[in-house]
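Have a look below at one chain only, the form predicted alone, in structure tokens format.
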């Protein structure tokens, strides 16, 4: 059986490190929030680049999206921190982790944004040109307001994945929640008592976000 009958729970040993657990949880939330801002901004810029007028810009942005989406986040963290960041003498793990995590999910958000923009009917673009809107005004007043509503459900789901992927930042030395739990388990010799609160801490945040994503999907559902 998975749990022995005579297993002795050691919640007292884990309780002694509750401060470190709370610090790790707050660190994870802060890193995730900062990476979300980076991912949304970079994803929007990548989407604009993929739809740009100049071929070199389109090729570069599309290549970046495919390159990032075609390799695991763990590999990108290791290469980005231990090779690229070391070469640039960027010795700030948290900053590097936020940029790498945000860039990874920005590639997926760029495709979500692109799909939302391309779902806008051609008749609306023609109407915008008919009233004299230039390209910037068309994006501002016609495309972006509608595309934002259509992209919200997919964006929310992607941000939930970003929060869970923040657990991988421990591989570059960031003491977020997972790393704090590992240290706590090693000191208290209570692995189960440490990992159960770890799962609960993620569920406290991800379940409301997942519920929000489902609600947005129902609210902004469009007929094909």
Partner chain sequence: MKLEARSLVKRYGSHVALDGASFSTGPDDARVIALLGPSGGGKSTLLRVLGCLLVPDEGHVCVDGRDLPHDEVGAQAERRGNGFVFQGYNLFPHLTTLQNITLPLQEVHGMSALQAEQRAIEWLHRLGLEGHEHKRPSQLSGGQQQRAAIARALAPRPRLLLLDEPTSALDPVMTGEVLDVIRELAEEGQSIVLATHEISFARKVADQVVFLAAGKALECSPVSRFFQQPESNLARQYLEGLSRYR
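Please read all numbers here as calculations on a predicted model, not as lab measurements. Residue numbers count along the first chain shown, from 1.
A second form of this protein, the form predicted together with its partner chain, is not displayed here; the remarks below concern that form.
Residues within 4.5 angstroms of its partner chain in the model of the complex, judged by any non-hydrogen atom, belong to 145-153 and to none of the other stretches in 145-153, 109-117, 94-102, 79-87. For residue 131, a non-hydrogen atom is located within 4.5 Å of its partner chain in the model of the complex, even though that partner is not displayed. At least one heavy atom of residue 127 is located within 4.5 Å of its partner chain in the model of the complex. Put simply, residue 71 is far from its partner chain in the model of the complex: not one heavy atom of it is within 4.5 Å.
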